[in-house]
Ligand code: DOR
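Next up: just one chain, as structure tokens, the form predicted alone.
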């Protein structure tokens, strides 16, 4: 085969394979020696969940990548982690967080948000563009990437916000290093980040190549119904931002995407009707749900939490929650996203509607959903699909999302039998609170391994080492060297 027919980016993988082969030779010469049993990290005796199912296995790591899986008896390693009695999962990827930096760092920043992530077993996050300034240019994206390198505790990517003014730049922006893709706010935003007219949306679809993420609520309907907000009554939030506001915009989004032949990702789906609609449009639409919408219902949540239960789109009643679980059980849902959107307790203690919408969630995603696993609402393999294989599949993440040789050694190690009570003292977020405080759960994150390094073990943090997530559609081209 001519060299010109080989994809340039394969050379990185070839160099890695050659490195492993060199280690496999115990002596020089033409005759190969047995495979080396020396690793940088050896995770021993855990129940590994991967493409083969679940079973007791060891994992050997070299240079931040998985080098061997199986019975590695007699192997030596610089570090050994005993995972006996624990489940070893592919690193959990949370594809929707708001870490508030730059501009809103009194609520959260990249360091504190990522600290909260790894304490909860999350190895990578996709962060949203509604910061100050918003992430709408190459310079703003590069600034965030620079802020995140070796300061964030997990790996990261940042969505680029679409505006009326940067549509022509989106094809370049979505392929830049550290870009998770394009995010469009069709509602629940103000200023440049609000794009709710079909002309601009059609222009966006004509320019983008990667899958774009959408917040789908009908801005016109929200404006018409603002009088339904009742002073001091946060339960009116779910009445004001009703199911129709969500469904109408999701319906319009699917229609425009189908006409343009482009892929969309519908964030935080909250209604039964949306789920049923999206089940009919799997060719263009992928689906996210949040642990909050799967776990909390109204009016009970408002009675217990007040304005802490306020988020966009809002929490719904059991009718809609059952529709979300139907979509999850039927394979319609692709990913779980926490929609981690922290505000200070002081801000949340104001009287509705002066209170901001949003709640912390990145640290509680794993324990809350493992509790659902233990309750029989979903299988452990489905949880893995929603938190690692699903994000890898729909966003085209390179080298993450599976426990497989050659992939990044990103692991979420959990104790499915551990029972804990979630409390605010455990929360690493700068906001310092969680809507799940006081909830007893079964299933707990014990360790977070990031590219073979310990980001968290039994509640103790390692050094910050975050790097940008890579994407197959945005890998840099490299010319073969002669």
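Numbering follows the first chain given and starts at 1. All of these numbers come straight from a predicted model, not from anything done at the bench.
This protein has a second form, the form predicted in complex with the ligand, left out of what is shown; the following refers to that one.
*Asks:* Applying a 4.5 Å heavy atom distance criterion, does residue 357 contact the ligand in the predicted complex?
*Replies:* Judged by the heavy-atom cut-off of 4.5 Å, residue 357 is in contact with the ligand in the predicted complex.
*Asks:* If you check in the predicted complex, is residue 159 within 4.5 Å of the ligand, heavy atoms only?
*Replies:* Because no heavy atom of residue 159 falls inside 4.5 Å of the ligand in the predicted complex, the answer is no.
*Asks:* Give a yes or no for residue 339: in the predicted complex, does one of its heavy atoms lie within 4.5 Å of a heavy atom belonging to the ligand?
*Replies:* Residue 339 belongs to the contact set for the ligand.
*Asks:* Indicate whether the ligand has at least one heavy atom within 4.5 Å of a heavy atom of residue 100 in the predicted complex.
*Replies:* Answer yes; at least one heavy atom of residue 100 falls within 4.5 Å of the ligand in the predicted complex.
*Asks:* If the criterion is a non-hydrogen atom within 4.5 angstroms, does every one of 400, 451 and 465 touch the ligand in the predicted complex?
*Replies:* Not one of the three qualifies.
*Asks:* Taking 4.5 Å between heavy atoms as the contact cutoff, choose which of 195, 246, 311, 296 touches the ligand in the predicted complex.
*Replies:* Filtering the options by heavy-atom distance leaves 311.
*Asks:* Check each of 144, 115, 316, 215 and return the one that places a heavy atom within 4.5 angstroms of the ligand in the predicted complex.
*Replies:* Selected residue: 215.
*Asks:* Tell me which of 92 to 100, 369 to 377, 134 to 142, 78 to 86 has residues with heavy atoms within 4.5 angstroms of the ligand in the predicted complex?
*Replies:* So the stretch in question is 92 to 100.
*Asks:* For the heavy atom contacts within 4.5 Å of the ligand in the predicted complex, list the residues of 59 to 83 involved, in sequence order.
*Replies:* The stretch does not touch the partner at all.
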